[in-house]
Every structure is written in structure tokens, then in C-alpha cells.
Ligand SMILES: CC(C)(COP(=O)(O)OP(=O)(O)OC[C@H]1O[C@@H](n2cnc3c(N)ncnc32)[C@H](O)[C@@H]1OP(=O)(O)O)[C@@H](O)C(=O)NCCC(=O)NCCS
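Quick heads-up: it's one chain on its own, the form predicted on its own, in C-alpha cells.
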Amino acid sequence: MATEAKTPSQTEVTMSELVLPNDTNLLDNLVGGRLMYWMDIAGALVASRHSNKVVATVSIDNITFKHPVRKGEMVVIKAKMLYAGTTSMSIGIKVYAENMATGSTILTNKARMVFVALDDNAQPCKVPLLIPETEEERLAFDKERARKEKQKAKK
């Protein structure tokens, strides 16, 4: 059974990683797969924090690569709940690269990920309601709800 409702700020996660040589390609840029792995972890942490359950990744949508992240830079991943359905949760993820020498920061990636909460038998289970607090959160919530309704209509 789902617990009480939560707000996006109660479950958001900021995760940082240093881009080391083992994380890069021949151009000394962060390998996309490594970044997606880190994004998946950040999203799962948000979903687990919201649901207080083990979660599984359902989908990764709209991942964009806007700017390379270079060796020696710090990756800052910000993950936040957008929407909570009955058993699934939509998470918005933004990735920034911080140049350690200059302190400059640039948005490098964005994605939307969906996770499902699992009970002790690895079956989908109910999650708490999400209560958006800001206008930006309300807009994101409404957009995700409309997306989910459109998906249901296709089935």
C-alpha cells in the first residue's frame, strides 16, 4: 500500500562524479554509456526515495547530448520527480559539466526516465501521490499526466 503523498523537493537527488581517464573515449570525452549509467542510478535513487521500494527502469525517453563532458570535469546530475502514477514514476534528469579549473558550468544532457516500484515479490506496487509545489512542477506534472493518458489511449 502506498504511503502518504510527497513533494518533488522531498525526493530530489543531486549526484556528482569526476570524469576520470577510464570514463572517456579516444577524444577524452565522457563515454555516453557511462553517463547513461550514472543517470539511471540518479533516477532510481529518486524513485526509490519517493516510493520507499526497490525500483526497476521502465524507459528512458528523450535523452539528448547537447555538449561533451571532458576528462577532468565534474558531472553534476540533478534528478527530480515529475509525476507519480499508480505504480510508475516519471523522473526528469539534467546533467551539467563543471570545469574544475574555471568553475564554469554548462548543461550537457537532459532525459526523462520512468521507473516502477516493486514489492517483495518483484511485482509492481502502489506509490505515494506526488504533490507539485511550484508552477514549474505543476506544468511538468500536467505534461506527464497527459503523456500517460495518451499512452493508455493507444493501447
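Residue numbers run from 1 along the displayed sequence. Just so we're clear, the structure is a prediction, and the values are computed from it rather than from any experiment.
Only in words, not in the display: the form predicted in complex with this ligand, which the text now covers.
Q: Which residue, Asn109, Ser48, Thr87, Asn29, has a heavy atom that falls within 4.5 Å of this ligand in the model of the complex?
A: By the 4.5 Å criterion, the partner-contacting residue is Thr87.
Q: If the cut-off is 4.5 angstroms on heavy atoms, which of these, Val58, Ile63, Met100, Ile41, is the one near this ligand in the model of the complex?
A: The residue from Val58, Ile63, Met100, Ile41 that makes the contact is Val58.
Q: May I ask whether Thr14, Leu18 and Lys78 each come within 4.5 Å of this ligand in the model of the complex, counting any non-hydrogen atom?
A: The answer is no; none of Thr14, Leu18 and Lys78 reaches this ligand.
Q: Can you work out whether Leu35 and this ligand are in contact in the model of the complex, taking contact to mean some heavy atom pair no more than 4.5 Å apart?
A: No, Leu35 stays farther than 4.5 Å from this ligand in the model of the complex.
Q: Residue-level contact is defined here as any heavy atom of the residue lying within 4.5 Å of this ligand in the model of the complex; does Val116 satisfy this criterion?
A: Result yes; Val116 sits at the interface with this ligand in the model of the complex.
Q: So in the model of the complex, is this ligand close enough to Pro124 to count as touching (4.5 Å, heavy atoms)?
A: Although this ligand is absent here, Pro124 would touch it in the model of the complex, with heavy atoms inside 4.5 Å.
Q: Is Lys152 close enough to touch this ligand in the model of the complex, meaning at least one heavy atom pair within 4.5 Å?
A: Heavy-atom contact with this ligand at 4.5 Å: present for Lys152.
Q: Looking at heavy atoms inside 4.5 Å, which stretch does this ligand contact in the model of the complex, given the options 19 to 27, 6 to 14, 143 to 151, 129 to 137?
A: Residues of 143 to 151 come within 4.5 Å of the partner.
Q: Where, within 25 to 48, is there a heavy atom within 4.5 Å of this ligand in the model of the complex? Residue list please.
A: Nothing in this stretch is in contact.
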